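So this first bit is one chain, no partners, the form predicted alone, shown in structure tokens.
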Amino acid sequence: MRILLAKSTHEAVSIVATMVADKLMSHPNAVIGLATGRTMEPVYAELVSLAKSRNLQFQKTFLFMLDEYVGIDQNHPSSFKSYIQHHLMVPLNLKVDQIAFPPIHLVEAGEAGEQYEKWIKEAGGIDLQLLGIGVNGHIGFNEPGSAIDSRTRVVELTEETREANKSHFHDGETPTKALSMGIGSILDGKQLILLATGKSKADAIKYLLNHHDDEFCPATFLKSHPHFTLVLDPDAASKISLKI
């Protein structure tokens, strides 16, 4: 595990966006796994800026979404499909056939997870996976209790996670389920980058760094990955003893 302690949130965001841009510069046909949430919004804004300044070409790039809510239409304004369209697809003029979304329409048939795993395998696997971390240590929507060998599946969201995402839904009712890559699916990625910003993530980061392979904090499983980079801003790192 490599830990990068930034001097500011802006620097932490810039580090992650630059790592993605560098990957695309050296490997234009890279397969990138995308996370969502507030943490990633400035990362994608910075990536769009870097794409313009570096004249990055995305024609050969393919993208996979990490997760999606179950129980709402994919075109719902609070869906992760809408999120990534707004923050990345439209600004970068990406084509619809360059990105794979978790097939929530196959959930009732019980085929969603297997189909998504098949798509990832057919794409040659994910070269670089972006990740955030929940206040309870979840990655993707792998809540506490998730197994290290879990694959893409429908998961029940905890009240803590639903409360954290409540502001994204105008009616205040967040979905109770999501289709998420499993921890095993994430660990199959060739390179993992987790960005944590803000004081609300400080406890999860402290736990992550002090525990190993602990289902109580699914993010601890990432530490066994040979190419895992953890990027922290000062607030996220405020409860650990490492120097910035």
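Values in this document were obtained by computation on a predicted structure and should not be read as measured data. All residue numbers are counted from 1 along the displayed sequence.
Not pictured, yet referred to below: the form predicted together with a small molecule.
Put simply, of R38, K60, K190, H27 only one has a heavy atom within 4.5 Å of the small molecule in the predicted complex, and it is R38. Here the chain stands by itself, but in the predicted complex one stretch of 94-102, 147-155, 129-137, 111-119, 129-137, has heavy atoms within 4.5 Å of the small molecule. I205 falls outside the set of residues with a heavy atom inside 4.5 Å of the small molecule in the predicted complex. Proximity of L66 to the small molecule in the predicted complex falls within the 4.5 Å heavy atom cutoff.
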